[in-house]
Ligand SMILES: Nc1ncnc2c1ncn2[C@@H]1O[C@H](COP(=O)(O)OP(=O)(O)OP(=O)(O)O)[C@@H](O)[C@H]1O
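Just the one chain here, the form predicted on its own, laid out as structure tokens.
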């Protein structure tokens, strides 16, 4: 078995609400445990507000953790201070959703890339060689570095964001919906680029998305999140063919058909997502689940291995 690069145990992130005297909290993450192996791309899917981006930021220690543990390359980094985190930052990078907001509009793009190297004490000649090599990988001419972000298209700028994330040759990358702000044709180019770079650099990645077809194309394993918890996880092919959790079924069957004659049983979920402040008793999905029983409203199911590598939190299984 390959080594685990990232491991989370019982991860929680709660945000106190202002004006409530600390009595009420928003439960962004509420007990997430996962592992990511060397060279693996783990996809995280779920509706907006389920905690996907918060999970990525907690794994990178870009935000404080309420409870639980985060391990990187075997070391517990949960309580690392800023100085200790700086020593591992070059091995953990992030690709953001909107490339225009992740670059300073005042600076030329070459300046933004070179600043990353300078902050991390990379020798100038080494830095310039890496930048040149990465520009070739992302198939952009070198004179792009003399332009400002507003002079590039979204796809071009996202390519440079990927190059910047790879500049320090990290061991782990969090990609937070890196193609959702792009046109469909450009999405395909970026996904193909990530696939090629994954092979070239043996990248380990957490890929956050709400687009199921993108995740199916790119990821080795998938974890499905609902209201701050993982409700199902499995190797990609097994998850898309198995569909054990009712929420996973609804997510995948909501994907538009590729052909008008293609038959697909759509599942329409009724009701609203429960509040992440006042969490319901029992299974968090019970009020929207077409198969919920009395037990579902009383007890919360644990994530249980149903078959090799396929885990689901559902009393139905």
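Everything quoted here is computed from the prediction, not taken from an experiment. Numbering follows the first chain given and starts at 1.
The same protein also exists as the form predicted in complex with this ligand; that form is not shown, yet it is the one meant from here on.
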*Tell me the stretch among 50 to 58, 32 to 40, 66 to 74, 278 to 286 that has any heavy atom within 4.5 angstroms of this ligand in the predicted complex.*
50 to 58
*Examine residue 292 and determine whether its closest non-hydrogen atom to this ligand in the predicted complex is within 4.5 angstroms.*
no
_Taking this ligand as it sits in the predicted complex, is residue 28 near enough to touch it, meaning that at least one heavy atom pair lies within 4.5 angstroms?_
yes
